[in-house]
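Starting off, we have a lone chain in the form predicted on its own, written out as structure tokens.
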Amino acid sequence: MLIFSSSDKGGTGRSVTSCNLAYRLSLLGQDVAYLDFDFGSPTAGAIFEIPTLERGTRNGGLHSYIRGRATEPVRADIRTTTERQVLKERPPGSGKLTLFPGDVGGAEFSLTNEHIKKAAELFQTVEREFDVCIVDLSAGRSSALDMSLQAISPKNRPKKAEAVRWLLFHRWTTQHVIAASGLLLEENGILSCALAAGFARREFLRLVRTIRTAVPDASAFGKKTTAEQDAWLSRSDDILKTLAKSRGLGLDMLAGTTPLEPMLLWREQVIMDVDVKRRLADKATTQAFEELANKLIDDEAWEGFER
């Protein structure tokens, strides 16, 4: 299975949520590959706390591989390379967790047919080895996004290939909802690029779901809230739901939500059960990641998201 993670803006929580989903999927027994296609800022290594890869690699990352400068992309077993002791542990029944880093100093590039061919080959290769492959794309329109759409298009992808999921991340604010809708549905957005690549509109939209990140509740105001604050938050949530529906990002597109997590405001990292036990993170956060991970690999759940 291929899972693409996209967002219109930076700061949506796309990468940190995707890393947490990768970890949770591995706990479910899935062998997981994480492909850092954020060519301009490949920082998944920092989230997984791998010091030597915190800004990517200098020796044959995905950027170099796609451009033909490396014969094989570098890979790292996250549990053996992370410096976080708890993340090193592999619970019984859990699957592999592997990072394919980007390149230090990578950047956007003019897309060619050879790049698309290399990406398609890469996806097919990792799908043969891993159960789930998460492809973390740069924010907004990028060569990585265009290349990925071309590589998984009907003309380039075998008909019997594994399932594809496309996730669109956005924070639960007016600006982010509008931006995410624009990236997906407006001129030169994801959908129009998918159609140009050979997808049928309905066929592609069946692959796409949204994830609303950092959704606050009354506790966002602090331990004590006023009746006026509670009412304001409720009204704001209703306004955002109406806006999302009007912009084509209603409940029929929603995969799920993640709560506003104070721990992630300070440090983007994998949130583990031990963090909840130590009262450093909220249980609602790990529950949200776990529920999303289960939905992603359940075909019936995917088709039935909030319908």
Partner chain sequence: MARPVGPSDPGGQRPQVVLGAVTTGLLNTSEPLPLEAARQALALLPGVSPDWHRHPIEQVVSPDIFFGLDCRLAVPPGAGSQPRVIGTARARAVLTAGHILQGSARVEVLLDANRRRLPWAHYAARTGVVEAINRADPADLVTGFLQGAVNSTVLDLGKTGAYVMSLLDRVPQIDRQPRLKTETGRLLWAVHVQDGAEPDSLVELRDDGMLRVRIGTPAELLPQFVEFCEILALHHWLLSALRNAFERSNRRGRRPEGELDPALSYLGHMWNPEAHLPHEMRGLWQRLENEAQLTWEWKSTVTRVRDKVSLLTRKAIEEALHKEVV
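Numbering follows the first chain given and starts at 1. Treat the numbers as computed from the prediction; the structure is a model and nothing was measured.
Form predicted in complex with its partner chain: not shown, discussed below.
Against its partner chain in the predicted complex, the set 31, 71 and 130 is in full contact: each member has a heavy atom within 4.5 Å.
Proximity of residue 46 to its partner chain in the predicted complex falls outside the 4.5 Å heavy atom cutoff. In the predicted complex, at least one heavy atom of residue 162 sits within 4.5 Å of its partner chain. In the predicted complex, at least one heavy atom of residue 95 sits within 4.5 Å of a heavy atom of its partner chain. Its partner chain in the predicted complex is approached by residue 75, whose closest heavy atom lies within 4.5 angstroms of it. Partner proximity in the predicted complex, defined as non-hydrogen atoms within 4.5 angstroms of its partner chain, places exactly one of 87-95, 165-173, 147-155, 191-199 at the interface: 87-95. Just one of 225, 124, 236, 112 comes within 4.5 Å of its partner chain in the predicted complex, counting any heavy atom, and that one is 124. 27 is the sole member of 240, 27, 270, 264 with a non-hydrogen atom within 4.5 Å of its partner chain in the predicted complex.
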